[in-house]
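Single chain ahead, written as structure tokens, the form predicted on its own.
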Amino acid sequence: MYQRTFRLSCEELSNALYVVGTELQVNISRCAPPKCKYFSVKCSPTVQYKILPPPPPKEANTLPNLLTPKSILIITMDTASKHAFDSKLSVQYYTESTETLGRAILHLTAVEISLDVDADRDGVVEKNNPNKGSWKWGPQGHGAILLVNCDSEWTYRKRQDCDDPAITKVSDLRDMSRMVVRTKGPAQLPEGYKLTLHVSQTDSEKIRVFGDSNQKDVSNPLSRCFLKYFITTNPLVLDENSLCQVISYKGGTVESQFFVEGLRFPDKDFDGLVTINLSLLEPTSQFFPETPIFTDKVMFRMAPWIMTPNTLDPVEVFVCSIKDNYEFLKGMKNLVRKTGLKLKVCYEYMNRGDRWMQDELEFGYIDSPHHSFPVVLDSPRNGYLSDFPYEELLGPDFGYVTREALDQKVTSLDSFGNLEVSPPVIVNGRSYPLGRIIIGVAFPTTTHGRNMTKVVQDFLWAQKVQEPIALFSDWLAVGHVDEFMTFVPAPDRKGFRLLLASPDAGYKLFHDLQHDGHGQAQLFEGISGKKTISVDDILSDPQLKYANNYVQGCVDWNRDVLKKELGLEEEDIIDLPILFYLDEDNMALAYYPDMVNMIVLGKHLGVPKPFGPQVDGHCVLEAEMCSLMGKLGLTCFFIDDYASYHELLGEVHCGSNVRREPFSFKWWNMEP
């Protein structure tokens, strides 16, 4: 309970503005006249008090209470006053012979004041939640939530709403969290008293607070019924240029509504928590500032950006249309048509020849009890597709965030084929209900390798709800984790399988073919201008074998990390038969289209057509892939990406992207 120290005086009348729910603490001996030995207390029926330390029980007609240097009076009131100073308390002082020495009189005005938010996360701003000033994770946790207002209510000359210091459309209020100042009391506060909202300089850089010019008097039923139908104007109350604002007090029972706007995602220098304060100020004298006599506070946590894994339902598929990817685009259209999803094509006027839709952006979302919307994370690669996320995706209820590597070198590892997320897992009893982010970096002992820029890694770690895992991907020429791993849904075990590229599985398959008399079966048949090669020739190439032994070692290193960090067993992993070769810098590239680099649309998989060895008119690699995935109830659709993607060091996943449904699990219920 909020406790305020108050001084009485025997020389003049004292007035106090009391906030219901607090305590006034008075040291009775401080203003006692000299030679005072005893005291007594009287008060109005609306005032309660207790004496500390408690006096012993007294019989009738005994002396008043014994006064000691530590005699304390605790004063409380239960209800707000109807009029100023309509309650009274007096303390009378006595000599040892019980003669009256003096009297201290206190006139009291009681008001109810609270600053309220949705601290129990049910979408309703409840009154005076005892946990509103703190944050706690978990299903039994508490604390209000803010969304970063990173979408745009504008479709022409668009700008992010958080860049605009004003509310220009009522729809923008949905992206903000409601905050209510509730007051109850006499028609006016005593002269000189003020109510102020205020924030720290640090927090003011992360939020704005807007008011509502149509304040509600909840004692008036007409205002409750009809005000919600009127468009309101919302003046700016608090921001980095205005840390404190006096707000009006209106008599009676009033709810003053405010809207809190989030401006920044959690990051290395921001833990996501902000605090807003409401203070009651008391006048002192003409030449001195008012002093706070009561402060209420609320705490918000900024909602994190959340990635969506392959196991969540797809909503939209994104691809680029360029002059040389007709076959790829035709295959993608056929696949998406079978799934009944939306296909959004980015044409050349926007992509400017950049086909790598996966590398430019990553889809995610933000969520709160009152609102949720998708948010695209724009990579720092800044290729020719760089305008697409902002110009084409940003809009009403579709947010945008990026991290620019201003003083850091951007490499291929900053493309978002190098950014994935696992399905939900439990690891050694610890739950990750939103999965874990996966990024590729240089080997830990390498000093000159490529890494994802620190500014992006810092952002991902700061979101807290999908604790990242760093894999070793710098052994690849392109360096992306999607070149050797992906996740697909499964009906059993953990609800998914981890697919890994496996040269060992590739060599086993080819050795089996050779053993069965198919050593002359040819790879790359049907590819214009591409020389075919037989299974026998592949198996007799020692340099290729050495290269794949090295690649298998790199994959196995990552396999062990993923097993440990995701709590996987061998039964949760499927090895796909994929071979690699090394370029002149000893960096690995897929020997034939890399089937692990696929697009996952529910039970439909868009897989790079591998152009493997033909036996009885069927591609052995396709047959193996269909067999492995068919056991999970998944259907493979093979897409020809050889000329337009594979030869440019990418595959189906690199050239596409998927926006997915958000998790049903609410992030604030987890315990990171």
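On a predicted model such as this, the values are computed, not experimentally measured, just so you know. Numbering starts at 1 and runs along the sequence shown.
Below, we refer to the form predicted in complex with a further copy of the same chain, which is not included among the displayed structures.
Taking the partner from elsewhere, W137 is found to have every heavy atom lying beyond 4.5 Å of a further copy of the same chain in the predicted complex. In the predicted complex, S29 approaches a further copy of the same chain with a heavy atom inside 4.5 Å. Of the heavy atoms in I573, some are within 4.5 Å of a further copy of the same chain in the predicted complex. The closest non-hydrogen atom of P491 lies beyond 4.5 Å of a further copy of the same chain in the predicted complex. Taking a 4.5 Å heavy atom cutoff to a further copy of the same chain in the predicted complex, the contact residue among L189, I247, L582, V410 is L582. K545 is the sole member of K545, H518, K158, R352 with a non-hydrogen atom lying within 4.5 angstroms of a further copy of the same chain in the predicted complex. Of the candidate stretches 139-147, 359-367, 545-553, 106-114, only 545-553 contains residues with a heavy atom within 4.5 Å of a further copy of the same chain in the predicted complex.
Along 274-294, residues S279, L281, T284, S285, F287, F288, P289, E290, T291, P292 each place a heavy atom within 4.5 Å of a further copy of the same chain in the predicted complex.
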